[in-house]
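Shown below, as structure tokens, is a lone chain in the form predicted alone; questions about how it binds or moves come after it.
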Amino acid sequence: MKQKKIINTLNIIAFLLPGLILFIVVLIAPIALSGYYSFFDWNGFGAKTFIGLDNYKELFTSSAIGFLKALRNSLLLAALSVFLQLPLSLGLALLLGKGIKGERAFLSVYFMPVLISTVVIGQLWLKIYNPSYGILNVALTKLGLESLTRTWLGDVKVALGACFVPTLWQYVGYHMLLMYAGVKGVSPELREAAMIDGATSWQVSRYIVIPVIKPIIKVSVIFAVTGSLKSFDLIYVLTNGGPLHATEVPSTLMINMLFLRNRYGMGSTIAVMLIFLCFAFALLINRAFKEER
């Protein structure tokens, strides 16, 4: 009996070990190395100079680095995602969850942008925003609103908002599908009981459906916030952080430090701060939903 227990334990270890090794190599080791390099002044080639917490101090005090502005841009994108993208996704999920005609077709159409490469989406919106032949400026001109036309990705005042619109278009279907699955999982008996008691369709959604799918909404909020903090590829394709750092986010700043300025220590510091911020916001959101419940 004891020998069989040992064999079962060894089998469990054998099955878990490859996944554990992969997890350590792909996730834990890079985080540990980034934390290690963040304490050094290093150009990636020569000798490293230990400087302790100087990189972290410079990150938050030096205007030349621009981390606080990049972080502010990411937090603004996160706020737009939570208060604009997610309500839109929830509204679509509630609407489609009622079983309207063509429900499956709408699901496919809304989810399709999620399947497209972000680089392709970036190139598509570069054409839409083009000041000379882009469909946006052309449409505004045809409608007699030529005064509203502008260089959308070259204007400091609107560039960040212009970068958010493709993000909204791409991921609204992703969050909608998550919430839709939750809406369809709500017991029909709950809906019917509420309707018999005289509840309107809005009241059923407000007091029955939404409270039931709150765990899914929490997951969507976490994904939206952490995704905004980590945003890189779409902004890199559209503006590369410009103009005048108006769309700079921590990820583009990190790439700039690593490969353009050869400041591997500072780049690693930004990476560590990104990891910390993502975990911190995930814990705060989880706590907020737990307290509200």
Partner chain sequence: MMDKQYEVKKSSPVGKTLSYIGLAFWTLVNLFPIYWMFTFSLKDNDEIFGQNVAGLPRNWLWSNYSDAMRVGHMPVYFANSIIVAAATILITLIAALMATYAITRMVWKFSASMNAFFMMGLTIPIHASIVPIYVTLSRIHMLNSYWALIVPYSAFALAMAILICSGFMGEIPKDLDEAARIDGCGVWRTFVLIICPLMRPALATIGIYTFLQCWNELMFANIFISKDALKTLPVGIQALSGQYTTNWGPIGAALVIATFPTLLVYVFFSKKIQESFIAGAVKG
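Numbering follows the first chain given and starts at 1. Given the structure is predicted, the values throughout are model-derived calculations rather than measurements. Each form is matched to the other, and the largest set of C-alpha atoms that superpose within 1.5 Å is called the rigid core.
Another form, the form predicted together with the partner chain, is not on view; read the next lines as being about it.
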Taking F23, W169 and L258 as a possible spot, do all three reach the partner chain in the model of the complex with a heavy atom inside 4.5 Å? yes
Option from 68-76, 107-115, 205-213, 144-152 whose residues, in the model of the complex, bring a heavy atom within 4.5 Å of the partner chain: 107-115
Is the gap between K230 and the partner chain in the model of the complex 4.5 Å or less for some heavy atom pair? yes
Counting only non-hydrogen atoms and a 4.5 angstroms cut-off, does F164 reach the partner chain in the model of the complex? no
Non-hydrogen atom contact Q123 with the partner chain in the model of the complex at 4.5 angstroms: yes
Residue contact check: L284 to the partner chain in the model of the complex, 4.5 Å heavy atom: no
Though the partner chain is not shown, can you say which of I31, A47, L244, L53 has a heavy atom within 4.5 Å of it in the model of the complex? I31
Candidate from V82, L190, L178, L140 lying within 4.5 Å of the partner chain in the model of the complex - any heavy atom: L178
Since the partner is left out here, which residues of 273-289 would have a heavy atom within 4.5 Å of the partner chain in the model of the complex? L274, I275, C278, F279, A282
Take the rigid core as the frame of reference and indicate whether the C-alpha of L284 shifts by 2 Å or more between the shown form and the other one. no
